[in-house]
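The chain that follows stands alone, in the form predicted on its own, written as structure tokens.
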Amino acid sequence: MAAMTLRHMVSIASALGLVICLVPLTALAQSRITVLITMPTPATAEFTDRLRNELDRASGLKVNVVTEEMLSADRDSLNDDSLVVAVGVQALLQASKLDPRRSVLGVLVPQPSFDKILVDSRRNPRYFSAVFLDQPYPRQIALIKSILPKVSNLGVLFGPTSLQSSYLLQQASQASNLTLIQENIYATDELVTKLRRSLETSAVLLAVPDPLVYNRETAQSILLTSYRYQKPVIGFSQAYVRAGALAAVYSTPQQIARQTAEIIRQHLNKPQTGLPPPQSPKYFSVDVNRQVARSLGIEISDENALSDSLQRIERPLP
């Protein structure tokens, strides 16, 4: 009777869209999708709520949410789940230690972090994939060209992590006839000198996520220095735009959840084919800092028009 009562409580909580953090994993392992998080945050709540709604509406699938602490206490209880969705780098690292036959999909993780975890874990790529947090470089360059059509060069600061994907930005820049002015930073004391050198020679600075270069201690300094040089910064998040970047293309947790739901339905329909290869965000938004645009004397379209323009570039009408 106690077990039946517990299952009934879990069902009610799931139907109400609650994040379950205190229910034993043995009760959660009855459904087919488990979302693994490090700890509840507004972003993970937005992601899980949208994922739950997408899957329940389309296929009746239920979503269980498991914290890293719960997983550590009862790792074997996920054996009956067909797919684990790991939200964030730390959750993906923990999921990589599960039974190698378990399908794992990482979300909201940078591509360099995913690549490292995949190599270190020696997982089979057929059952270990991701929806990256990073926007593809061609999309970011398309945004720059839409805002600054006459720009001829592009500055970027790479750190040890982001440097792994520098060749992708080089390819995208060449395809758009942009000269890439690249500075590689290996220690924090190099940042100021190389930032100034980049701003002196480039028309716009593209911010690329890297924990050494862009963090809470350096973000404001980079934006203020760029503003003094009257050079716009293209950010990688809505928060960076609010802090002083001119614009950014980014994907919200809800947009990533929509894409994740599509992958899950595809995977469950044909589980024998494994997971699709890692992929960039499919759905995205554009944000613009109007005050910065006015200060720099840049006329800029509204966010919806910019987003529509980028979508047409990627998916032109037949």
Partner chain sequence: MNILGIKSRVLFLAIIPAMMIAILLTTYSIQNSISVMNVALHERGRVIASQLAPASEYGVVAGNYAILQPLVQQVMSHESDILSVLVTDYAGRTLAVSGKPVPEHILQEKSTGLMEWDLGETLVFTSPIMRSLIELDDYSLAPSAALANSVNRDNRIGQVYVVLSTNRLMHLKSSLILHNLLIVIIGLLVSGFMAWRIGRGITFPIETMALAVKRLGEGQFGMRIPETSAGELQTLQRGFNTMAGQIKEAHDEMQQRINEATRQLRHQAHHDDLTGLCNRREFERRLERVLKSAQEHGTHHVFCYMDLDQFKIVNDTCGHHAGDDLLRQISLLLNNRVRDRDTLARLGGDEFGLLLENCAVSDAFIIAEELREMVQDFRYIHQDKMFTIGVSIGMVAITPDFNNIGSIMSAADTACYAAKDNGRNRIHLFQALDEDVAKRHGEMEWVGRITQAMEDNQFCLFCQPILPIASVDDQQRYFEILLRKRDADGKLVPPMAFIPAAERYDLMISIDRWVIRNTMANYRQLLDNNHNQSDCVFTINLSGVSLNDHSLLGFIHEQLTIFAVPPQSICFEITETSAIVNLGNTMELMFALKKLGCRFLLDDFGSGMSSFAYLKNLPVDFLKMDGAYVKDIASNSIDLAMVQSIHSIAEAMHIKTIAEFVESAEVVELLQSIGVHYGQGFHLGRPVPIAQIIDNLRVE
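Positions refer to the first chain, counted from 1. Remember, predicted model here, so these are calculated numbers, not experimental data.
In what follows, reference is made to the form predicted in complex with the partner chain, a form of this protein that is not presented.
Engineer: In terms of non-hydrogen atoms within 4.5 angstroms, which of the given stretches 237 to 245, 165 to 173, 94 to 102, 140 to 148 touches the partner chain in the predicted bound form?
Structural biologist: Heavy-atom contact with the partner occurs in 237 to 245.
Engineer: Let me test this: is every residue among 129, 302 and 311 within 4.5 Å of the partner chain in the predicted bound form, going by heavy atom positions?
Structural biologist: Answer is no for this spot.
Engineer: Even though the partner chain is not shown here, does residue 88 get within 4.5 Å of it in the predicted bound form, heavy atoms only?
Structural biologist: Heavy-atom contact with the partner chain at 4.5 Å: present for residue 88.
Engineer: Check residue 225 for me: does it contact the partner chain in the predicted bound form (non-hydrogen atoms, 4.5 angstroms)?
Structural biologist: Residue-level check for residue 225: yes, a contact with the partner chain.
Engineer: Would residue 136 count as a contact of the partner chain in the predicted bound form, using a 4.5 angstroms cut-off between non-hydrogen atoms?
Structural biologist: No, residue 136 is distant from the partner.
Engineer: Just to confirm, residue 184 within 4.5 Å of the partner chain in the predicted bound form by heavy atoms?
Structural biologist: Heavy-atom contact with the partner chain at 4.5 Å: absent for residue 184.
Engineer: Considering the partner chain in the predicted bound form, which of 82, 124, 188, 153 comes within 4.5 Å of it through any heavy atom?
Structural biologist: By the 4.5 Å heavy-atom cutoff, the listed residue in contact is 188.
Engineer: Pick from 177, 221, 72, 230: which residue has any heavy atom within 4.5 angstroms of the partner chain in the predicted bound form?
Structural biologist: Only one listed residue qualifies here, and that residue is 221.
Engineer: Counting only heavy atoms, which residues in 271 to 287 are within 4.5 Å of the partner chain in the predicted bound form?
Structural biologist: Nothing in the stretch sits within 4.5 Å of the partner.
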